[in-house]
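Quick heads-up: the structure tokens below are two forms of one chain, split into structure 1 and structure 2.
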Structure 1
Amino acid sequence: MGTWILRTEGDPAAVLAVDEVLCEHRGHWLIREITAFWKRSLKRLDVSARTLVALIEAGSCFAGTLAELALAADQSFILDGQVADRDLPAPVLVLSEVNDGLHPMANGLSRLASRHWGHPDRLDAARSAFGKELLAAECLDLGLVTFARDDIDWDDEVRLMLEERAAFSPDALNGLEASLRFVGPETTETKIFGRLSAWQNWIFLRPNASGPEGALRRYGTGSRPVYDHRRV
């Protein structure tokens, strides 16, 4: 259905400990290779023709390096509070120094800076929260997540969101999401991967657009296009 669900699991403190090593020894050749590999992996995620959804649930580990996944997502849900029948603490999101430019996007900005583009006060507020375990309400206040839901509504809200996405053409949101992911400075990478690939390769050349029953062929005829929802 054109959607990837991003989940993590583990100990946030362990991830933050690794982040400290990455930052302290960033001049070492091995650390450079590790961070460069993770940067490339995240950039591949940024230019994917998929809707990205991060679910910050009980037991999740969106901290530091892994918090980049939540910042890269088009939508991010965080559980507000604990789940009644599970002995797990309320999920948190933890930012660290690595979220402030160690893994830049194609536009040359960090994902945190891209999320708060045009709002330097919000970016400063997010930076002041580095190292803190941010609960759902704090994440919402800092603009780090899309929605926060308690355990009563969690399953239904996630299901409805996924069903709404599946109701669109598989290509419907790709161009919009690609444009929203790459705000700020336009670079050669964003022109090629964020604009050209999105519209020319993902959308206009796909059967859902240019096929015999695609949207472009049916445009102006009064007939509804026919989409292959299995094709993305």
Structure 2
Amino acid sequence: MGTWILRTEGDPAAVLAVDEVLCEHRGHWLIREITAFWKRSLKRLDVSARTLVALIEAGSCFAGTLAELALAADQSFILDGQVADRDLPAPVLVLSEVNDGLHPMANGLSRLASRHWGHPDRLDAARSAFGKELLAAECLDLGLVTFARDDIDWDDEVRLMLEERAAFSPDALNGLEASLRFVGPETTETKIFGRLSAWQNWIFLRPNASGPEGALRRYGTGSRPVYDHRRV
């Protein structure tokens, strides 16, 4: 499974009501734990070696904390308008104060600030839309989604994107996504998951570590490892 498609179902107002409790009782030990657990879970999405695609469809509830799923995605689609023959209203994205720092990424920034890195005006525009039910066109204007598609094109366009993605080298996609997700400042955490882990994972593949004469394989055997001493 190289791609994770992120969807939600429910009432955006209900999600925002839960967020309000999280914010109102921020100092309470249990709320602190719940919020911290959300933060870490969302961070785990950020460091996942999977393509993340958010689909904002009719009946969805990408609001507040759950809007973080859309902001965590590498690409996102929102349905523009209603679905023919269905009673559901056109889907919306709703941002709130919780998207402004309650769930920071490893770089210390919110996903919203990371998205608009280097464009404080765009970040401010998104902030001024907090609490509003943003339809497809507004989401596009505010740079909050990648694509808006109507009901007629939706299935084909989404499928095409997923098929294209599945045809790319998974290794190149890992590198691409990890490089684009974390903008701006480095922290201990970004260095561990980026620099340290990336080097380690490369070293793991090299014969000097994992080859038959490599150090990992030779450890404990009594014979010394044989290294290729050329620096790469």
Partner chain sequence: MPEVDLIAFESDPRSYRHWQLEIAAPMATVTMAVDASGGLRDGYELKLNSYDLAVDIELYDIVQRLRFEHPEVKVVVVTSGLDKVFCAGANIQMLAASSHDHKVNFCKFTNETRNAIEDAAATSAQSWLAAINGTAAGGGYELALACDEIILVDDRSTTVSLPEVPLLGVLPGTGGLTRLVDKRHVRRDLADVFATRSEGVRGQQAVDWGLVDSIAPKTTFADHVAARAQSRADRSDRPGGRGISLERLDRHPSSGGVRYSTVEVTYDRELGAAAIVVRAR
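Just so we're on the same page, residue numbers count up from 1 along structure 1's sequence. Not measured: the values here are computed from a predicted model. Definition used throughout: the rigid core is the maximal C-alpha set that superposes within 1.5 Å between two forms.
Given that just one of these two is the form predicted on its own, which number is it? The chain shown as structure 1 is the form predicted on its own.
So, superposing on the core, is the move of residue 216 at the CA at least 2 angstroms between the two structures? Residue 216: C-alpha displaced by 2 Å or more between the two structures.
Does the distance between the two CA positions of residue 43 reach 2 Å or more between the two structures, the core being superposed? False for residue 43: its C-alpha shift is below 2 Å.
With the core lined up, does the C-alpha of residue 64 move 2 Å or more between the two structures? No, its C-alpha moves less than 2 Å.
Report, to one decimal in Å, how far the Cα of residue 195 moves between the two structures once the rigid core is superposed. Between its two positions, the C-alpha of residue 195 lies 4.2 Å apart after core fitting.
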